[in-house]
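To begin, one chain is listed below as structure tokens, in the form predicted on its own.
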């Protein structure tokens, strides 16, 4: 099965690399109405799916290979999104409704007279990218250090990760917190001087998202295939035995958790300019639970399956919420129950089992002959 997953992984990388090149060419290089033309709205939609896939791969790294079911990865995703959103808000300048060169429109509306300290430096792209990595990374480091050293595991760890997300969800809703309150951050104009409304920028963001997904997969694959990855899987399978053998289990968990949080934040940062808004609803605990469903559907502990599950479930969500919006949550819950009961290895597990049975049948036929 390991060889099959490696084969599927390289196919996945090749498909994403081709998509990063061909989709922008089909959007920019073909006229409207042509058979190969990809509309801009589809480019944005698929770019959003790729950002979700990055988040799913990040969760699969800690859940599938370390046994940490984090129900708070939506918080890291949202923090990365807010870092990008704050940079984009600072780029609006005098083009805002109130034409204030320093303060975003919502601060002028709320009669703020100076820029909060948390916003300093976000007019520079490099600083915003540093905060995108640093803030979620430090939060994951602090949270993981206390949780793993206290030997919190299983469902209790899942609950406190969800509590962390819910606390951030409540705080970001407050207008006096300095991040736009309920409305969040929106009305973005450009990024690095390029208009976010241009087709070229939208296609470029799609390509960057595809490359980021490839990088997330390759980094995660390198981690789980290394000697450290063997220890990570051993912690998942028998944490008490690893402690008995003398390993510092909390350090093994902490490294994977921090790397996973940073990956999730990168996905969030790429998500915001393509969607055009970031608000506290991204912190909602339900979003983090939905990410776990993506991973379970695709196949936990496969990386490729997590990405495929995220893309497949969100594609279904787009379709069903347009046709039958009131039934989507019921369909999602039913999907999770069916996968858990009948297909515990997810999509990748089913494909691997079919391929294994076919090979076994071929071997049996050859032996009989």
Partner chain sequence: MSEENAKLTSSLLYLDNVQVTFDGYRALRGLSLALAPGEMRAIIGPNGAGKTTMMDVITGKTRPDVGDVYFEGRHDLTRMDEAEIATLGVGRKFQKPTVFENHSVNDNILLAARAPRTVRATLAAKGSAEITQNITRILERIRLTDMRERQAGSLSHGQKQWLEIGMLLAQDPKLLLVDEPVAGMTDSETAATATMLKEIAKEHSVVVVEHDMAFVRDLDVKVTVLHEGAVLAEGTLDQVSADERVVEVYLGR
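Worth saying up front: this structure is predicted, and the values here are computed from it rather than measured. Numbering follows the first chain given and starts at 1.
Beyond what is shown, the protein has a form predicted in complex with its partner chain; the following relates to that form.
- With the partner removed from view, the residue among 108, 231, 141, 293 that has a non-hydrogen atom within 4.5 Å of its partner chain in the model of the complex turns out to be 231.
- With the partner omitted from this view, the residue of 125, 119, 255, 177 that lies near its partner chain in the model of the complex is 255 [heavy atom within 4.5 Å].
- Using a 4.5 Å cut-off to its partner chain in the model of the complex, each of 151, 226 and 237 places a heavy atom inside that distance.
- Residues within 4.5 angstroms of its partner chain in the model of the complex, judged by any non-hydrogen atom, belong to 238-246 and to none of the other stretches in 260-268, 238-246, 180-188, 99-107.
- Using a 4.5 Å cutoff between non-hydrogen atoms, residue 197 does not count as a contact of its partner chain in the model of the complex.
- Although the partner is absent here, residue 114 is not a contact residue: none of its heavy atoms lies within 4.5 angstroms of its partner chain in the model of the complex.
- Residue contact with its partner chain in the model of the complex: residue 94 places no heavy atom within 4.5 Å of it.
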